[in-house]
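In structure tokens, the next block holds one chain alone, the form predicted alone.
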Amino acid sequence: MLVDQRRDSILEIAESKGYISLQQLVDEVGASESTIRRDLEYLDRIGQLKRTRGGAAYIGDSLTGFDDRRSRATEEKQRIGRKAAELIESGETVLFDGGTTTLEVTRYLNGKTLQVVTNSLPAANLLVGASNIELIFLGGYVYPKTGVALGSLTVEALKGVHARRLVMSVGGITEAGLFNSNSLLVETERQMMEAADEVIVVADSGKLGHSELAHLCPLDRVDRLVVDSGITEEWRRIVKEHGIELIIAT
């Protein structure tokens, strides 16, 4: 079994059980104890597992496949994608993160001439054949199943990038700010925010009022929020109070 396949298997087992002992992993994965220990140390370091005495606890991002995640709130994401794409003008350089909602934005670029920078393999695959798109893919550790490049190599690549806009999605939004469920993803998105003049967050209303594992940034780092019509009056007030332009996709 390849290293990435073995680590993916460990994460799937840990996600399903919540906690898994070292011996159980040795038995289920079929690798030596020393190999499993090294894998656990690596997965702890990137924020997917928490090493404990004799095992590990799952704390990372859901490993649900990309296509499965796309099926959630599909109509809302399509409306949000269409509306957010209207904000992008020909001639711009635009950063896209690896979220499923941002992928919907790329589907509605409608022949605009753009320079697109992304760490998302699904987005790159969608745009690579478009003659009007100059595509720049950010390399790095490609996270299993999601096809998103993360980590130090991606962050370093972003330091040489400047974009007019960043279009990004998040795992949760509270009054404390934006959250995602993977520490490497948060590190990468922070650098994306540094590289862009304007930050556009695209999120279905179900993300409002919910946090995730890792805090990304305060709300006032967001310039525009594109959300579906399910947003509550309370959240309309919160968004306005933080100086964010609210755009409702109907």
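Throughout, rigid core stands for the largest set of C-alpha atoms superposing within 1.5 Å between the two forms. Source: prediction; values computed, not measured. Position 1 is the first residue in the sequence shown; the rest follow in order.
This next part talks about the form predicted in complex with the DNA, which is not shown.
- Of the stretches 36-44, 203-211, 182-190, 216-224, only 36-44 has residues with a heavy atom within 4.5 Å of the DNA in the predicted bound form.
- Taking the partner from elsewhere, V239 is found to have every heavy atom lying beyond 4.5 Å of the DNA in the predicted bound form.
- Mapping the unseen interface onto this chain, L246 falls outside it, with no heavy atom inside 4.5 Å of the DNA in the predicted bound form.
- Contact annotation: I13 falls outside 4.5 Å of the DNA in the predicted bound form, judged by heavy atom distances.
- Contact between A195 and the DNA in the predicted bound form is not found at the 4.5 Å heavy atom cutoff.
- Once both forms are fitted on their core, a CA shift of 2 Å or more is seen for V26 between the shown form and the other one.
- Relative to the superposed rigid core, the position of the CA of I10 differs between the shown form and the other one by 2 Å or more.
- In the core-superposed comparison between the shown form and the other one, the C-alpha atom of H210 has shifted by less than 2 angstroms.
- CA of F96 to CA of R7: farther apart by 3 Å or more in the predicted bound form than in the shown form.
- Compared with the form shown here, the C-alpha atoms of Y42 and A157 sit at least 3 Å farther apart in the predicted bound form.
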